[in-house]
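Shown next as structure tokens: one chain only, the form predicted alone.
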Amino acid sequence: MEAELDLVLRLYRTMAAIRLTEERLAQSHQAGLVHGACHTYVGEEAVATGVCAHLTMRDSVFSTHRGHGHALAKGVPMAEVMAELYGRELGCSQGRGGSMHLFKPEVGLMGTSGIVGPCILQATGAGYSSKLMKTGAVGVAFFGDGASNNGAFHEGLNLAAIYKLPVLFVCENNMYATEVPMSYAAGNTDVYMRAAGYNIPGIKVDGNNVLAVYEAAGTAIKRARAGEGPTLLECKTYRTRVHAEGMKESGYRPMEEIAAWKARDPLKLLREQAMRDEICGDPEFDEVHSSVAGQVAAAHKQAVESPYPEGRDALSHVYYEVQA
């Protein structure tokens, strides 16, 4: 039971770190500290947390415009994520990437991008490199339901299937590609079923249940490391904030639907499940939550105190500099 307690609190800590960081970033966007767009991950924390809990620094993660949660779960420090959105030198991309371009190769975060779909091919490439070099590393692609209708999705799954590459494809199906319902954009809204066309496992889980995601991702990653090939993992989840900060709900999704998903909040669900199974209770969760809140406040302070990059350094980190 002790190991179970450790796991539950570890998963909760990561989800709380994502949630509180994102809420701080939303406030910072309103205050003008964030330059450009800001797509938060609020409501989807269980997916990044459950998957990345199995990854090591040598495993590669490729993500999307909604990538703050993946970055934090993969090990990018809070202050570096915040500072990147604030355009500061402390940022993980030295203030050059902003909200949608987070990079930290040192921990295996190989990049986030606002372009839909390429992360699937990049993760496939990482799996191919791992297989050639026999490193045992896994490539992971996080993408939304909209990307599953992109040609890159089919090309990536097909190539990974042919060569049995160590790749995990994670579809975060939050039911809307910006404001376009998945029910309108696809004849079959169950993305996991497409795996059968490539003769690879397709799994669908409750993306708001972090323990379910953790279990499914663990099985898939174990398969990948054993040389048994890729898996398509579909996590049914929901973003409870607007598509991007500053936008307004324009009626494309019912308010009752949003309320229903808020009632299934990932952090709340884990608390309820842990108390139901008599693993731990509110005092333990509250202690973790309070600790994370203090870390987020300190990270925000560190980020806003970091200077902006100097103009004379604008071309630094753009090209690889060969040492003489």
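The model shown is predicted, which means the values in this text are computed figures rather than measured ones. One rule holds for the numbers: they count along the sequence shown, beginning at 1.
Below, we refer to the form predicted in complex with another copy of the chain, which is not included among the displayed structures.
Just one listed stretch, out of 223 to 231, 189 to 197, 203 to 211, 67 to 75, contacts another copy of the chain in the predicted bound form at the 4.5 Å heavy atom level, and that stretch is 189 to 197. In the predicted bound form, none of the heavy atoms of G218 sits within 4.5 Å of a heavy atom of another copy of the chain. Heavy atoms of N173 never reach within 4.5 Å of another copy of the chain in the predicted bound form, leaving it off the interface. For the chain shown alone, P254 is not a contact residue for another copy of the chain in the predicted bound form, no non-hydrogen atom being within 4.5 angstroms. Among residues of the shown chain, E249 is not one whose heavy atoms approach another copy of the chain to within 4.5 Å in the predicted bound form. With contact defined as any non-hydrogen atom lying within 4.5 angstroms of another copy of the chain in the predicted bound form, the contacting residues in 114 to 151 are S148, N149, N150, G151, given in sequence order.
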